[in-house]
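Here's a solo chain for you in structure tokens, the form predicted alone.
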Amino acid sequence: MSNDLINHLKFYRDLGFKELDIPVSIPPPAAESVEASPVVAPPTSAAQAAAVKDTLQIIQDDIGDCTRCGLHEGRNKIVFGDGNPNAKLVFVGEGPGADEDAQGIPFVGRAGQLLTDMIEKTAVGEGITVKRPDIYICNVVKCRPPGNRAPEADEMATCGQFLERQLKNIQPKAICVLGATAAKALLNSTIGITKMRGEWHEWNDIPVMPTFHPSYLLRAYNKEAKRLAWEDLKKVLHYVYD
């Protein structure tokens, strides 16, 4: 303590002051060196994650080496889908056959060749410029059922989530379902394909035309069904491409 301060204090003491009310200015603490911390983005919420656009590749990646139902036990390859991811028209069949299971591509066997001919020849005959690569084709189930039997309810329910995502991602102008199984899976109807075909139905605001499966049309005694299927296909092509 300095001599000047001591003398001042003695002076006030002699005057009778016992306490002094002296304001004290406290200097702010010296600034500490703060190491810069990296900015961490908040975790993505479930809603934000859901807002990310689904793609066919993401859906296929999600399927992965699927073992969700018993169909995986006898399959060779998962048959995801084939065609234009921006197609205006999607065909949905029942499930892969032997040729599809071997190649991993839908509708490449005899029924697939007939479907391709029907699409392309009908388009030419109606003056519509469209070929198979312009459309998208997939099935209700992605693995071949044993002996080409119809998929069971639990199998269709398991694969149905991926079919729904495919269709929502593509957002076609129309869907053509091939056969009773595909019609039942997509339209949740128990009405037979003979009664359903040729008339427009709806799935998630997308028009749906049910018609006969090409494998049914390969049978020699189904000539009338083949003619009706051609008529159904004309309706679909004109609706989508006119």
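Predicted model, so just to flag it, every value in this text is computed and none were measured. One-based numbering along the sequence shown.
This next part talks about the form predicted in complex with uracil, which is not shown.
- Message: With a cut-off of 4.5 Å between heavy atoms, is F107 one of the residues that contacts uracil in the predicted bound form?
- Response: F107: contacts uracil in the predicted bound form.
- Item | Distance check, K184 to uracil in the predicted bound form, heavy atom within 4.5 Å | Contact with uracil, no.
- Item | 4.5 Å heavy atom contact, P172 to uracil in the predicted bound form | Contact check for P172: no, nothing within 4.5 Å of uracil in the predicted bound form.
- Message: Under a 4.5 Å heavy atom criterion, is G83 part of the interface with uracil in the predicted bound form?
- Response: Taking the distances in the predicted bound form, the answer for G83 is no, it never comes within 4.5 Å of uracil.
- Message: Among the candidate stretches 86-94, 121-129, 68-76, 158-166, which one is within 4.5 Å of uracil in the predicted bound form when only heavy atoms are counted?
- Response: Heavy-atom contact with the partner occurs in 86-94.
- For the stretch 192-210, which residues lie within 4.5 Å of uracil in the predicted bound form by non-hydrogen atom distance? Contacts from 192-210: none.
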